[in-house]
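As structure tokens, one chain now follows by itself in the form predicted on its own.
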């Protein structure tokens, strides 16, 4: 009975105006909603323009930590979208914002298992760091008696998606977390898969986080979706009531859960990783308020209701 009740709760979006008028802010995931890889999804510019013309605040939130907000701004610009850096929230920024929110000590450093986006955001926040892509080429020679040194001033290890992941990083991060008193373990996200090419799914940031979790026997503080940290941050920054937000995404376990955890309205678009059969499948427990094919349905469904 529970499954049937839950499955009945996701409604196809029929009256776009009704949803648009009921909220002040739309939070959009990026990959699978705004673009796919390096290609813009049809109708996105017109949809965003229409929402802005109605006075809606638009915010773009991504779990991808490989880029900084500035780098994402350039991607939006390349795709012909006029998006302000202040409207972009990547999990790379969330990691830096989290450390600032807890008054991370100035004399402590962050060891980064991740890419350039995290380094850039930590730099902007005035936080010392080491690691990142430059440790991707480092190897360990496991000779008898070999002892690996680590920096005792590391007060946090931040783990994000990392194409240069290796055993050196696993051991260095593990030593910091296990041996430095009070060292934090922070994950930008635990996404199982990511979309590096449009041909198949690739192992996501969750695989790197899982390796460090396995070796330290510790669970991380997750700052990206579906954790409520970014939602709380956005709500406070813009002074928005969470009931006045609609979260729009293509993933049930990150985007939709993020919106639900934050007490927002939720809209699933089927232009990314989730299909209608997955949404309506008997094993799916996460139900959005509404679903539709893509965000440009706001335009056609709006026209249909006039």
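Residue numbers count along the first chain shown, from 1. Remember, predicted model here, so these are calculated numbers, not experimental data.
The same protein has a further form, the form predicted in complex with another copy of the chain, not shown here; the description that follows concerns it.
Exercise: residue 214 in contact with another copy of the chain in the predicted bound form, heavy atom 4.5 Å: Although another copy of the chain is absent here, residue 214 would touch it in the predicted bound form, with heavy atoms inside 4.5 Å.
In the predicted bound form, residue 106 touching another copy of the chain (heavy atom, 4.5 Å): Residue 106 lies outside the contact set for another copy of the chain.
Non-hydrogen atom contact residue 208 with another copy of the chain in the predicted bound form at 4.5 angstroms: Yes.
Contact flag, residue 235 vs another copy of the chain in the predicted bound form, heavy atom cut 4.5 Å: No, no contact at 4.5 Å.
Proximity to another copy of the chain in the predicted bound form (heavy atom, within 4.5 Å), stretch among 117-125, 145-153, 70-78, 98-106: That would be stretch 145-153.
Those residues of 164-179 which, in the predicted bound form, come within 4.5 Å of another copy of the chain by heavy atom: Heavy-atom contacts to another copy of the chain in the predicted bound form: 164, 165, 166, 167, 170, 171, 174, 175, 178.
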